[in-house]
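Below sits a lone chain in structure tokens, taken as the form predicted alone.
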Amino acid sequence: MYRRTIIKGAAVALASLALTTAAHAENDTLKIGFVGVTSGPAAAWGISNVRSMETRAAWINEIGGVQIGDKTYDIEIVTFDDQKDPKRAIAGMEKMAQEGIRYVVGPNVDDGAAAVRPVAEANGIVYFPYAFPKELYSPPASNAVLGMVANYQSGPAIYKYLMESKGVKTVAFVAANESDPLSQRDGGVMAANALGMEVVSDNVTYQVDTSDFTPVITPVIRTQPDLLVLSGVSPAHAPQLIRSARELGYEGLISTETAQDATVLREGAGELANGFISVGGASTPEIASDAMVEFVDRYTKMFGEYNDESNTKVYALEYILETIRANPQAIDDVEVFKAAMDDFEAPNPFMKGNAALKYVGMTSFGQKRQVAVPLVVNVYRDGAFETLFVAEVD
């Protein structure tokens, strides 16, 4: 975890935003939306989004706003909890359209991200989902921008690392009986097969209202896999599944391609979660800039806790603002925004060195519809995440 003290010089690292010292009363307001899940078993995903956006917006506003063209704006975050329901996600995106909001972060799951596509395209909205269906980001689609590393990008990296470093040869998959985790399971099975792993179980599922996971995990454990993959597992279900597997005597590795919450793991599984591997936030102490350290500090002071996944979630708002700043007409015209994405590049305030904000995704989608954030893979140890390895995605 990052050192949680305010770095006085961190504002220097944010010079790319051209922040002004104009009085707030003189600033216009730029609304950026969020539509995603902030309640229920997957709430941690969307809460991390909202808190990251609100922390960053408050910081920007505190030091004067963001200059776009010849105007200076305060940032207002408009949120909508879709409760992981595609119909509510549609209602949320319609609300954004009614308020004239052009840029929205979310939704957080596949069904929601797919459901809002027609509304976004019809109303000229660019949205940044945390969902993995390739058709959202591949031509002819063009309004969605993947805000993180996808499971079909992280999964192969994790499996290969474990094969080479831990001698993993066999793998089993467990997934909730929903389209999002089932899709991630299928992608994981394909990746494992491509790497030459033996898939010993890939048909065990559970209902999202399951409270006793022992009957779910028992047949999987009998296959004695070297690696148990919890495909698309929500932060609330992960500790329950881990606890059930360990209490049944499973001693192998457990992983997932979704981001998790260390506090939830500690409270739900305790020491039994030690060794659990997941995708982390897009930063480590080694690569975090002073600005990232200050972001963590401000977030923690605002909300009383910090979620490592916010190391990734901080980026969406930054990409939106910097791309608009580079092309001020994009503030009202998303076609200008999309046209700028191929060549866009700006300093990355959250990483040390010469790291840049840029769009990627050509390999996976045939067009640049993904933010460039590091692929950080974590392992859980005694209440906190430790970095296992860091990679990049094209």
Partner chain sequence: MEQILANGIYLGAQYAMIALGLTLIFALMNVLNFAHGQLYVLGGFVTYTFYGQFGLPFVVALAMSCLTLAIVGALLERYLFGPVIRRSAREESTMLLAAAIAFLLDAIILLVFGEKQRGVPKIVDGVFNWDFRVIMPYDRILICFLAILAIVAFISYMQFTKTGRALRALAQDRTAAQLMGVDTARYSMIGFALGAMLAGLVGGLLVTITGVNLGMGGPTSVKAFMMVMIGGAGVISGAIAGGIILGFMEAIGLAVLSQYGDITYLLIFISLMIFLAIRPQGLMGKPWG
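Numbering follows the first chain given and starts at 1. These numbers come from a predicted model, not from an experiment.
Just so it is clear, the following notes concern the form predicted in complex with its partner chain, a form of the same protein that is not shown.
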property	result
Contact flag, R325 vs its partner chain in the predicted bound form, heavy atom cut 4.5 Å	no
Its partner chain contact in the predicted bound form: A44, any heavy atom under 4.5 Å	yes
Its partner chain contact in the predicted bound form: Q98, any heavy atom under 4.5 Å	no
E164: touches its partner chain in the predicted bound form, heavy atom cutoff 4.5 angstroms	no
Contacting member of D186, E247, E76, E94, with respect to its partner chain in the predicted bound form [4.5 Å, heavy atom]	E247
Proximity to its partner chain in the predicted bound form, single hit among D82, D261, E294, D110 (heavy atom within 4.5 Å)	D261
Candidate stretches 136 to 144, 101 to 109, 237 to 245, 165 to 173, one within 4.5 Å of its partner chain in the predicted bound form by heavy atom	237 to 245
Every residue of S211, V216 and Y306 near its partner chain in the predicted bound form, heavy atom within 4.5 Å	yes
Any residue of 182 to 207 that, in the predicted bound form, places a heavy atom within 4.5 Å of its partner chain	N203, V204, T205, Y206, Q207
